[in-house]
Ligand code: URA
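Just one chain follows, in the form predicted alone, and it is written as structure tokens.
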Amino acid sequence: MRLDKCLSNLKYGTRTDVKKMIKSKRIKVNNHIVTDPSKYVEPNIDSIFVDQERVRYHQNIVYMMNKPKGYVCANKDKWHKTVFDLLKKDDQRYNLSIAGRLDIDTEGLIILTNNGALVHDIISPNKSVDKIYEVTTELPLDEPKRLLEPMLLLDGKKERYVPKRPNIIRADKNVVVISIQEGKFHQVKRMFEAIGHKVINLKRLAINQLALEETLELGTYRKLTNTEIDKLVSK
């Protein structure tokens, strides 16, 4: 990869900015000052420094985050903080996408990654990936099996649709754990509203076979192992 493209991708500036930095002798590769922006580098192998700061490059990044309430799943927002504000400065350089967005007042497991194929595998309706939620309602549910009955909901475009039948994993008074394979706008909350129950807390516990780490505090994140990444899409 060209050096100027590599640093531009990592948000050190535009390619023009990077060329100016190189002209000012601010960039070193393997302990040598670089003068040619078109120099090809191996980001995973070469030692690259910008103003004495070591450049970190990872080809495949997958983070598990325990999203807190009050943060939106977006790259930028005019009114609210985003989950990207919770990332360390170095991690904000990567071009990360969110696989499995959550509403501002929903907490729990989200995946941040630069792997576009993985994002597609998680969110594509054709992949039938389970998303497991813990739902707390204002009042106890006398008949949770009503969630299994066909219902008509509105999506984000206010178009009517019939959600796929959920799987009720556990139901205890006003706490229900369910699994769905979709993820339309406010879907879980609207499913419960359709049977006359207000949701007062919603938390995603797992995506497919990957469960949210119980010791991971709200607002924190960590990198997944290859074994854990496989759990996101394996059957």
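In this text, residue numbers run from 1 along the sequence as written. Quantities reported herein were computed from a predicted structural model and do not represent experimental measurements.
There is another form of the same protein, the form predicted in complex with uracil (URA); it is not shown, and what comes next is about it.
Participant: In terms of non-hydrogen atoms within 4.5 angstroms, which of the given stretches 117 to 125, 79 to 87, 139 to 147, 97 to 105 touches uracil (URA) in the model of the complex?
Facilitator: Looking at the other structure, the answer is 97 to 105.
Participant: Answer for Q187 alone: is it within 4.5 Å of uracil (URA) in the model of the complex, judged on heavy atom distances?
Facilitator: Yes - in the model of the complex, heavy atoms of Q187 and uracil (URA) come within 4.5 Å of each other.
Participant: Should Y71 be classed as touching uracil (URA) in the model of the complex when contacts are defined as heavy atoms within 4.5 Å?
Facilitator: Outside the cut-off, so no.
Participant: Considering non-hydrogen atoms and a 4.5 Å limit, does uracil (URA) approach V34 in the model of the complex?
Facilitator: Contact with uracil (URA), no.
Participant: Any chance L202 has a heavy atom within 4.5 Å of uracil (URA) in the model of the complex?
Facilitator: Yes, L202 is a contact residue.
Participant: Can you list, in sequence order, the residues from 122 to 145 that come within 4.5 Å of uracil (URA) in the model of the complex, counting heavy atoms only?
Facilitator: Counting only heavy atoms within 4.5 Å of uracil (URA) in the model of the complex, the single contacting residue of 122 to 145 is Y133.
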